[in-house]
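Let's start with one chain on its own, the form predicted alone, as structure tokens.
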């Protein structure tokens, strides 16, 4: 694996003050006749402390604080609702400045690896930490208001794409969530698996990843961030080139058969499943790391023993770990999870073929926060208008 991240050749332009890097603050500070070191001070207030109110940036001169307020520095999102699941998963409803809303989910780690989003990462192995530490929380971020991909088993696709989110709006979901954590908790991993297709908003998510990993901000390791995709092949290659494999990759497969996958996921008509798998082969991974394959099990659609055999053959030779996810119920569809016996048979076939496979039990499904359920859970129906 490459150890250094190459700065993307053409980073998207900042859409607001709050998503500027320190060097991008310097022209404005020069205009205001302020010293360059103020850029790092401002950046730390926003991205390390999660504070957007310039009036509280006490190490800045009053004149600069007032000017930042005039220039429109403000929090990109605000919490307007929250729900807590019986399994302690928390879903936050966030409103942006244009009154559009998205959801983000906080998933506490448990003692059961079958309940986690991912298995123990290479970084956890190297530093001796257990990813199932109960103090750790994985945050699931949204990256679009709605989604254009139209996957049949996902509520976000039922909404359609309303607009892209900015990098500031993506990152501010973490700032908003910090105040919801218990004193002993900390966000240890980020997964871009909320509302929207991350690679369809590549400019914003690449800037967001770099903001989160910046040493003067959250300083989160890129290896603790996962980007999920339904299979946008050029953007998978671009992510590999820009980040050298440091960012974890998760790919939604859901069927090894092109006809079935195209019916479930319209994007397969543009990027057939074998092209997606070849992009996965090209994606750089470390010695102990694997690409996550998401496979939603749907009754009488992709849950047969023959489907399992095809999946094993398709993924042969690719370093993967498979997350089997029995279909979570969503509105506006008759798709449903297979009976438990069929789920177990599928799981056992993959295990018997020597694959690393995890059967994911629902987390937060009683508050519509589980995989595939975001976007149509009551609060976001206004987005359909």
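All values derive from a computational prediction rather than experimental measurement. Positions refer to the first chain, counted from 1.
Another form exists, predicted in complex with a small molecule; not displayed. Remarks below refer to it.
Enquirer: Examine residue 254 and determine whether its closest non-hydrogen atom to the small molecule in the model of the complex is within 4.5 angstroms.
Expert: Although the small molecule is absent here, residue 254 would touch it in the model of the complex, with heavy atoms inside 4.5 Å.
Enquirer: Can you check whether residue 307 is within 4.5 Å of the small molecule in the model of the complex, heavy atom basis?
Expert: Close contact is absent here: in the model of the complex, residue 307 is far from the small molecule, nothing within 4.5 Å, heavy atoms only.
Enquirer: Quick one: is residue 325 in contact with the small molecule in the model of the complex, heavy atoms, 4.5 Å cut-off?
Expert: Residue 325: contacts the small molecule in the model of the complex.
Enquirer: Test of understanding: in the model of the complex, would residue 289 fall inside 4.5 Å of the small molecule by heavy atoms?
Expert: No, residue 289 sits far enough from the small molecule in the model of the complex that none of its heavy atoms falls within 4.5 Å.
Enquirer: Quick one: which of 161-169, 193-201, 76-84, 236-244 gets within 4.5 Å of the small molecule in the model of the complex, going by heavy atoms?
Expert: Only one stretch passes the 4.5 Å heavy-atom test: 193-201.
Enquirer: So which of 138, 302, 229, 248 reaches within 4.5 angstroms of the small molecule in the model of the complex, heavy atom to heavy atom?
Expert: If I apply the 4.5 Å criterion carefully, the residue I get is 229.
Enquirer: Using a 4.5 Å cut on heavy atoms, which of 355, 64, 342, 330 is close to the small molecule in the model of the complex?
Expert: Checking each option against the small molecule in the model of the complex, the one that comes within 4.5 Å is 330.
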